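What follows is a single chain, given as structure tokens, in the form predicted on its own.
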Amino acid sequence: MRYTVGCRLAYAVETETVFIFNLEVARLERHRDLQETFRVTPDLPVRRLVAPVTGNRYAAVTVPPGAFSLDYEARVTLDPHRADPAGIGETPVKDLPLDILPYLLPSRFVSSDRLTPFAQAEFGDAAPGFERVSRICNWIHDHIAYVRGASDEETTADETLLKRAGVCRDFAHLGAAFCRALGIPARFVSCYAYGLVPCDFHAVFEAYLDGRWWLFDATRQANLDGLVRIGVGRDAAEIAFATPFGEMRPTGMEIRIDRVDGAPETGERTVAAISTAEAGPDAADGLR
């Protein structure tokens, strides 16, 4: 499946501001034939970093006062790994690669330590593996209302559970928190999402099962096999699409993803387990 993805972000900058962006398509083996353009207006120097462990791509721009915009566009062939969910079990903690252990611990927005009693009571009797994480997603979908404006950038997973409302970011944080509370490594994923209406940057989570990261979306709003990954982290704080340091005001945002391979649309959601990460026990394979 070949997609075009992109975004346009515009700002009114009041004082010199340093922007750190994380919105470029991740360079993965299952993101094939990636072609992209990245342009800022006015034309300013761009400093870049590819995080050595996760592969997250960061771009930093120092912007003087005035109008500023960023335009990004990419074409990519998405070749996800598919498997029968029934054959995917859990990896015991004693067998986990050490690099993955941080994804078992609480983080700024994934308050798994506070949710352990609830998670054990609600999901502890579920069959270990893909089925248990699917049950977590089903519970979130059925019990947490998707309400724009119900949360903000400071909302934690336990607060979402109490409010019983949130957006994709909150659904992903809560899913990851329940997983970690049950001894399943889980991480936050930002992506371009085919099928999401209206189109926006989307948040899902991945759980580490049987030696591979598998995608889960408790919102049920996008196609799992149409998620083009941007970044991964313990929670949203590590992979915000834009982090500004200075006084500025957003004046416009447009996100898009379109399928361009000419294949017919089936209108059906995949029932297979989906992964765009590579399998493997070591740091490079296990974390990407």
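It should be emphasised that the depicted structure is a prediction, and the values quoted were computed from it without experimental measurement. Quick note: we count residues from 1 along the sequence shown, nothing fancier.
What comes next is about the form predicted in complex with a further copy of the same chain, which does not appear here.
Problem - Segment assignment from 206-214, 89-97, 76-84, 193-201: heavy atom within 4.5 Å of a further copy of the same chain in the predicted bound form - result: Careful reading of the contacts points to 89-97.
Exercise for the section: Answer for residue 38 alone: is it within 4.5 Å of a further copy of the same chain in the predicted bound form, judged on heavy atom distances? Expected result: Residue-level check for residue 38: no, no contact with a further copy of the same chain.
Exercise for the section: Considering only heavy atoms, tell me if residue 60 and a further copy of the same chain come within 4.5 Å of each other in the predicted bound form. Expected result: Looking in the predicted bound form, residue contacts with a further copy of the same chain include residue 60, since a heavy atom lies within 4.5 Å.
Problem - Partner contact for residue 125 in the predicted bound form: a further copy of the same chain, 4.5 angstroms, heavy atom - result: Looking in the predicted bound form, residue contacts with a further copy of the same chain do not include residue 125, since no heavy atom lies within 4.5 Å.
Handout entry: residue 225: touches a further copy of the same chain in the predicted bound form, heavy atom cutoff 4.5 angstroms
Key = Judged by the heavy-atom cut-off of 4.5 Å, residue 225 is well away from a further copy of the same chain in the predicted bound form.
Handout entry: Residues within 4.5 Å of a further copy of the same chain in the predicted bound form, restricted to 99-125 and counted by heavy atom
Key = The stretch touches the partner through 99, 101, 104, 105, 106, 107, 108, 109, 111, 113, 114, 115, 117, 118, 121, 122.
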